[in-house]
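Okay, here we've got a single chain as structure tokens, the form predicted alone, with questions on binding and movement later.
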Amino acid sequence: MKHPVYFLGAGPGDPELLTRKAERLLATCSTVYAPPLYDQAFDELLADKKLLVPFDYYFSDLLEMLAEQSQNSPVTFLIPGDLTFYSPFQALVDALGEQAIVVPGVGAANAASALLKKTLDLPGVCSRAVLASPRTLGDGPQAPTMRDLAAPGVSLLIYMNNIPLCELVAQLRSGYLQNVPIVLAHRVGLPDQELIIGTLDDIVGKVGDRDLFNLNSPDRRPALTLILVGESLTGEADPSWWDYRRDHIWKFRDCKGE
């Protein structure tokens, strides 16, 4: 009988953000597939495991290996973030069917929001959050651009950016029609994590010649830099909102409330 293949949301790279369930399941596995950097960040939890990089194998070869490995014990994939957005592991989950067990993790947007201590939607400031990647928007004449997604009142979360920063900022400026805050959350969850905080007017100068998106690198893998844009990044919550909800919503949840 084959053992399960676990797809464990490993957060953005900080082992302390691993859920208790994921840590418990990881301990039962002798073989772990982990992307580069995660084998270092999770070294204490992976000390007695056979480690493999999933991207080193073709899909069919990977399925054959999993069929053999799962005969002996459960197998784990450490998933950056989780399977919620832009995960390359969905085809594996589909192919494995009932054998695949998915455990959610902390996404990069959640981790970045926590570092900023800011909610990404804020009443009266930002009414919606949009997640997008220029890599997946397409390049045809009818394909949308970041300009089309950016607008006042939108918190825009840009994954896997492959547009030069100066060009991206120009598109965002055209969509927002104003100088809004922007944050480059670089390698969030890893020991050298960094938040570069600025506005559309000054972020290019703050980044300088740093290649945060691997645009000039022979390494074609997406860089670990999430972009957050919008008024919510520096917006202040109205304290009266709390009292309004206390009087009109929350107190009615307590059957003893007056």
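The shown structure was predicted, so the numbers you read here are calculated from the model rather than taken from an experiment. In this text, residue numbers run from 1 along the sequence as written.
One more form of this protein exists, namely the form predicted in complex with a small molecule; it is left out here, but the text below deals with it.
Looking at P35, you'd find every heavy atom of it more than 4.5 angstroms from the small molecule in the model of the complex. The closest heavy atom approach of I101 to the small molecule in the model of the complex falls outside 4.5 Å. Taking the partner from elsewhere, A223 is found to have a heavy atom lying within 4.5 Å of the small molecule in the model of the complex. Proximity of A150 to the small molecule in the model of the complex: non-hydrogen atoms within 4.5 Å are absent; the residue sits far from the partner.
Every residue in the set D82, F85 and R187 has a non-hydrogen atom no more than 4.5 Å from the small molecule in the model of the complex. Interface residue among A108, L156, L172, L165, judged by heavy atoms within 4.5 Å of the small molecule in the model of the complex: A108. With the partner removed from view, the residue among M160, V130, L122, V93 that has a non-hydrogen atom within 4.5 Å of the small molecule in the model of the complex turns out to be M160. Considering the small molecule in the model of the complex, the lone stretch of 40 to 48, 223 to 231, 62 to 70, 27 to 35 in range is 223 to 231 [heavy atom distance within 4.5 Å].
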